[in-house]
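So this first bit is one chain, no partners, the form predicted on its own, shown in structure tokens.
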């Protein structure tokens, strides 16, 4: 039986391991933590509507449910030509015919980022956001700033949606407590039109939402540094903040820099539309580790990572059987999300035909809650997977 090694326990890696096992291959997944973290539903941790445990699935349970081997041990080195992986414990993995790289990405570091917390960083940061917000609530007032950064070398590596979601959830949370007027909420981003990937109609609606919720906006000026009491910008202005959440743009994973794999200017692994890597037979890169092909509005999202994972599982299975058949991820490129606000949501969709944002008061919030339940239980095999999800 052909042996496949999957590096990474996020959306791309877990999905790859599950679907590779469906192809009856010998699969081992390596992860630096012992749980699968459902980032899209972690947006409720800062407001106390969810805990880290609520949005985590133990990897050993996933491994047992699907029959793949699990190794919880961080990767410290990957020599691609030799198909050799070295783990933190010193263990060497070099007996695999196929390797699927799903290590995710690193974050662009900026001056003073230690003064910020991210909803897209280490899971512990979301819990710390909850503690910091709770402390401000006890004080009954404060200034809160939330935003995201960009990567001029790769526009797909920007995650703006979660920043909007946490910001609107905090607004709703404070409003329900009857203390919203005691807080100053500010959104910030360096680009002129943050969220433009969603389309022009969505941008108009976002501006309306900022106006309706009395959330200030600071955009169009480069962030120069963060301090304990705020954010500094290139135009000489400063946002004062008691609590700053900042989602830095992605850059290539540090492990891959020395791997010998071909990398884009932003440090992501260059693949073709089948996630194959030229000159590296049997090695594939998926999810945030891969340089995403496609139009300027493309974005690294969980559902695209999962499409890549399923495709690679199929492509490897066909290769093992010497069948000339491959699946490409290109036809599945779109932006798709339910942007939660705590008391509702907006359905966001973008494709080559344009973008749209559809308000979903009340029901949208519960739809996203339902998706979180579905994600957990379908991955554990407790309920059937919905085709295309």
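Residue numbers count along the first chain shown, from 1. Being a predicted model, the structure only gives us computed values, none of them experimental.
Omitted here: the form predicted together with a small molecule. The next part is about that form.
Novice: Is residue 252 a contact residue for the small molecule in the predicted bound form, using a 4.5 Å heavy atom cut-off?
Specialist: Contact check for residue 252: no, nothing within 4.5 Å of the small molecule in the predicted bound form.
Novice: Though only this chain appears here, would residue 12 touch the small molecule in the predicted bound form if you measure heavy atom gaps against 4.5 Å?
Specialist: Yes, residue 12 lies within 4.5 Å of the small molecule in the predicted bound form.
Novice: Please run the contact check for residue 355 against the small molecule in the predicted bound form: heavy atoms, 4.5 angstroms, yes or no?
Specialist: Judged by the heavy-atom cut-off of 4.5 Å, residue 355 is well away from the small molecule in the predicted bound form.
Novice: Verify the contact flag for residue 115: yes if a non-hydrogen atom of it lies within 4.5 Å of a non-hydrogen atom of the small molecule in the predicted bound form, no if not.
Specialist: Contact with the small molecule, no.
Novice: Which residue, 142, 267, 302, 190, is the contact with the small molecule in the predicted bound form, using a 4.5 Å heavy atom cutoff?
Specialist: After the contact test, the surviving option is 302.
Novice: Of 133, 75, 174, 202, which one comes within 4.5 Å of the small molecule in the predicted bound form, counting heavy atoms only?
Specialist: Looking at 133, 75, 174, 202 one by one, just 75 meets the 4.5 Å heavy-atom criterion.
Novice: So, a 4.5 angstroms cut-off on heavy atom distances: do all three of 146, 218 and 223 pass it with respect to the small molecule in the predicted bound form?
Specialist: Judged in the predicted bound form, none of 146, 218 and 223 sits within 4.5 Å of the small molecule.
Novice: Since the chain is shown here on its own, which stretch among 115-123, 92-100, 312-320, 203-211 would lie within 4.5 Å of the small molecule in the predicted bound form, judged by heavy atoms?
Specialist: Among the candidates, contact is made by 115-123.
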